[in-house]
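Presented below, as structure tokens, is a lone chain in the form predicted on its own.
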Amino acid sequence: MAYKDLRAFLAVLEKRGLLKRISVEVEAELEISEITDRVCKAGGPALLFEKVRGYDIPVLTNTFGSMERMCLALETESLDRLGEELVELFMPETLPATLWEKIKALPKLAQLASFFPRVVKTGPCKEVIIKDNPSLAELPVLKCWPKDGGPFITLPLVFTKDPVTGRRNVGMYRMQVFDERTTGMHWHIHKGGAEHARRYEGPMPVAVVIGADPAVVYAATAPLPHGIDEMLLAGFLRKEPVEMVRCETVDLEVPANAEIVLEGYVDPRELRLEGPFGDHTGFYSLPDYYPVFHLTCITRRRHPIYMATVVGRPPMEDAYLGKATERIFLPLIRLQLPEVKDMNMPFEGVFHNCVIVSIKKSYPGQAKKVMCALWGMGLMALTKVIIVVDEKVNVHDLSEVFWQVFNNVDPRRDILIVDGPLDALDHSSPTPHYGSKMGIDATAKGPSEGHPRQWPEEIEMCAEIKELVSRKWSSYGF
């Protein structure tokens, strides 16, 4: 059964010893961040800070900071299996052509329809409604790092609507608090929220959710194809539709069981200097001009939980959200690139800096074809380095991957340099958002790929000696 809300998930974590309540008083400025950083890097539990100095609202961090908690959040024993289920649901036969195909597809279409979000009259997020002089001052917004430009809302689910199609987008964009009524809206030019804003001639309605059931939170981070509703993905993950309620001052719907909802608007023509911010790259992202969010209303539970994340040098909590995306979306990549066997987005690559893929190689140049295809897939376009290895290589063993790279690559032949879009947080490119990217073909080569010499065999002990030594291992005295 799906988690009804964030509290239901926390109850499961606490029952399993994966949630720690901290009752000593702590500061929202820096102290919570340092505690969270140490606990996350030590593989520790989710943290609920019950007494934050100057506030009546507790703070939750490190909610998804392990693969165990990530699987619990999405109620699965296998993230890979979730991806396979997603492919089964959205395979081409979901859109049948003939009458017989339509009849066969009815159960699948009915299942898909059962995941669509459902609007209800009210919900817990409406227990308190503040329209007169709403203030962000009541929220324990964290300042995470010493040189941050101020406190930042770090885990906001930002709801917007396309003014032409009416389609919803839910993204996660940090929000620097400027004062009690305004924040920054740090959406990058490649993201759905920014695309919606570009289509508005005047102020754009925006709703921001802080704290929701884990499938809804994850869905806001997922790199979905253009036009696919994140709340539909959340419904698929929950196996139940997300209940939505209409906002009070903007024409948007938000999850009924959310903890806190900020309603307001963004005028795309109004920009303000935002940052710096200690980011998930492990470096401070530089100050830059971004749109401003104006608060018009706060709705919340009577006793809400403020859900936050702390980002910094990996591994941090966001690394596990990224790992979930890697596993869930791998089967979708295989639909277009069936030669891809496995993929690893290592923590050190902070999502967009490195992707390692293994392929079943059948013809010359196939590794470069895969690189170019991946750069053409949605936000994979922002990947700075793609490494391609043969299918036998374990892409999750970085020692094995680098052994293959350092031994198999002839730089002139096997490295592909291209220019294209880059992530806004890439500080190494000469200009923002644009620069060079590299593909490394570490697969075995033959004459057809410009390698006339014989390719050597890898060293491996024969099976009978392996079996003999295994059988006698204890007698060796080890």
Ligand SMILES: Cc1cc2nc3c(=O)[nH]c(=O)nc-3n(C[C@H](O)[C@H](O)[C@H](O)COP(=O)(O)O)c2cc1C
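One rule holds for the numbers: they count along the sequence shown, beginning at 1. No experiment lies behind these values; they were computed from the predicted model shown.
The form predicted in complex with the ligand is left out here; the points below concern that form.
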Exercise. In terms of non-hydrogen atoms within 4.5 angstroms, which of the given stretches 331-339, 394-402, 310-318, 143-151 touches the ligand in the predicted bound form?
Worked result: 310-318
For this session: Answer with yes or no whether Y200 is in contact with the ligand in the predicted bound form, where contact means some heavy atom within 4.5 Å.
Result: no
Exercise. Can any non-hydrogen atom of G193 be found within 4.5 angstroms of the ligand in the predicted bound form?
Worked result: yes
Exercise. For V242, is any heavy atom within 4.5 Å of the ligand in the predicted bound form, or not?
Worked result: no
Exercise. How about G275: is it within 4.5 Å of the ligand in the predicted bound form, going by heavy atoms?
Worked result: no
For this session: Find the only residue in N169, N257, T299, S358 having a heavy atom within 4.5 Å of the ligand in the predicted bound form.
Result: N169
For this session: Please pick, from G282, G376, P223, G365, the one residue with any non-hydrogen atom lying within 4.5 angstroms of the ligand in the predicted bound form.
Result: P223
